[in-house]
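Two forms of a single protein chain come next, each set out by itself as structure tokens; they are called structure 1 and structure 2.
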Structure 1
Amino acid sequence: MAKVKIENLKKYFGKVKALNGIDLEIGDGEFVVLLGPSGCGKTTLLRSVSGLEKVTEGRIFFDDKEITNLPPKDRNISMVFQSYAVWPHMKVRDNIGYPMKIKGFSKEEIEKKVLWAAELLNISELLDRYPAQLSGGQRQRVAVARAIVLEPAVLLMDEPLSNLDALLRVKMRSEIKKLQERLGVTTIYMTHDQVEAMTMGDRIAVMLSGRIQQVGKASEIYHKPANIFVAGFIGSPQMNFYKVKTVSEGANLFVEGEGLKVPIKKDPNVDKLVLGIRPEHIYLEKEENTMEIEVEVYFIEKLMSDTIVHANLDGGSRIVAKIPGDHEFKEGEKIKLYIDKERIHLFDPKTERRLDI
């Protein structure tokens, strides 16, 4: 187990800047999830940390020891590959035990640890099968078992659940999380699934185009997104964004635009802004600190547990609200919605950064 420090890491493939200055510190035993859309550089970062990819610039430390140029075998890491990469010519038992065999452990020790890992992942009865005789979910467990037999300094996982069906994915999510807590191994977990990130990570690092956009606990990222990309990437349905301007009426400040006018407390010192409001922070009933708006229903999505209302504002802009429960609205119907004034987000349209007001 180790803490990990990544300093200004860059990786270029010719002109493609796959990683463009990554800085990240991960505590001992911490579970950090790297979340980002396809092609943002997750796999490249993972391969750089594992040593499978030579970095263009920057440094990586495990526990203050620089490992930037060490070959993978000397880094004491384990990895669960996106495709699992369970060796097809070895039985499950030998797959799990192979990392120990490489390091020269005795037969008895290997057997003991293999049984332990198999038990932990519920695959004890599969030990004498070949990978070709396993389902995707079982193969994934074998890959995880193989990754934990040696108690690595750092455990790397590259979208390990992306090939599983939805049900199994939910189940494995909690299992991996529990397993990591029990082992206390420092873990870097890549995913493009925000639910996975939110539920599993001690902290989440949101990535885009080879850069980390924001690092923080799930609640921080959700409630205080650092920029427009993070705000839009996290949350489903996506946050509503509006181009607004600051206006003052006497002592009161507002942001106004696209048919919305919302009071703000502090002067952001820029006149043009982007206002963001999450669909789940728009209510059907009046509550404290809300602001009434009138909208025309465009269409609705009924999820039974929630109703997603797509509606038009006065100015013609679209607004999406997520209302708990099953509701009936007609298209074209005029309804009143209530925006939570405490839950609005403001961004600078030039830098796209969050403005705290």
Structure 2
Amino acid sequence: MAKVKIENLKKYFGKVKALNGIDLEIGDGEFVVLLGPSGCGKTTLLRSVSGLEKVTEGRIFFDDKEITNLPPKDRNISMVFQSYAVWPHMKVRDNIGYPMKIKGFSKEEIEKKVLWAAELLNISELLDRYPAQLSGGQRQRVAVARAIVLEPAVLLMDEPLSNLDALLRVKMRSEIKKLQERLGVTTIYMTHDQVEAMTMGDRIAVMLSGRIQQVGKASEIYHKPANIFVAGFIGSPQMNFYKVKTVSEGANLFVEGEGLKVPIKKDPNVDKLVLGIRPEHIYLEKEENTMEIEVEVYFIEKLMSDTIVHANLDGGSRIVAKIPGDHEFKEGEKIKLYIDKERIHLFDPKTERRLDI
């Protein structure tokens, strides 16, 4: 296993800055998820770590050894691809053992490690089948078994669950995470799916436009997003955002705008702000530290376990609330909702950074 250190990594394709100064440290045995929308640079970063992409500037270390310019075969890595990339003409046994075969291991050594990997992935009974005889989930397990058979220092995973159906993705998330914990292998996992990132990663690196916007545990990124992009990207439905300004009434401070007026405890020293509130922090019943707002129901999404309420504020702006349970509302109905004042976020509209209030 290995620590991974990435220093000021840059990768340009002509004038396009796919990576524009990436700094990231990953601990020995840590599971780090690269999360971001399409085009944010996460694929290029993963390919740069693997050696499949030659970097423009910067350095990459495994432990204290610089591997920036080493070919992939000399980096002691394995990679699991989105497309599985299992060879259709080989049986499962031969697919798993192929990395050992090309490195010159004996048949006895290969068989021993193939059986070990197959048992870990619960595919021992599939060893004599061809990939065409397997389901998508089984083929993915074969790909993972092949990746771990050499016990790499670093395991790279490129959206490995994106081709699976929803139920199987949930199952495979837990299986991959448990396997990684059991092996203790340093893992870099790439996805655009925030649920995968939040449930699997020890830490998450949120990316946009070739830069890392924030690195932290899921709870840190959810509760203390570094900026407007991270705040809006994490969470479903997306965080509500409103343009507000600071106002004072005697000794009391408020932020006001777009039909909202919310009390705050600390002067942010910025007149114009962006207020953020997550839909799940807007309640149907009054609770401690909440403030009442009256809204007009615009649209309802009934998910049975939750009800998503889209409503209009007095100022004409839209607000979305995620209410646990199955609730009935009529479009045009006036209802009361309660905003959790302790869960609001304020951002500087110029820098888009979150303000600590």
Partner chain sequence: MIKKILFWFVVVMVAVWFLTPVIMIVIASLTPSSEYYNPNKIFPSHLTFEHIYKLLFVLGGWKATLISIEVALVAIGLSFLIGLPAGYAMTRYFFPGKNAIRIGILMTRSIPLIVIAVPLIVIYMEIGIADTVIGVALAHTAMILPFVVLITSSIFSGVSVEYEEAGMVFGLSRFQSFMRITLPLALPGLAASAIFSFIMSWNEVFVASILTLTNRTLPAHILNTAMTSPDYFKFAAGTIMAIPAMVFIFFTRKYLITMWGISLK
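Residue numbering: structure 1 sequence, from 1. Under this definition, the rigid core comprises the largest set of C-alpha atoms superposing within 1.5 Å between the forms. Just so you know, these numbers come straight off a predicted model, no measurement behind them.
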With each form of the chain shown alone, which structure should be assigned as the form predicted in complex with the partner chain? 1
Would you say whether residue 170 is displaced between the two structures, judging by a C-alpha shift of 2 Å or more on the superposed rigid core? no
Residue 192 C-alpha shift between the two structures of 2 Å or more, rigid core reference: no
So that I can tell if residue 115 moves, could you say whether its C-alpha shifts by at least 2 Å between the two structures after the core superposition? no
Once you lay the two forms on top of each other by their rigid core, how far has the C-alpha of residue 91 moved between the two structures, in Å? 2.5
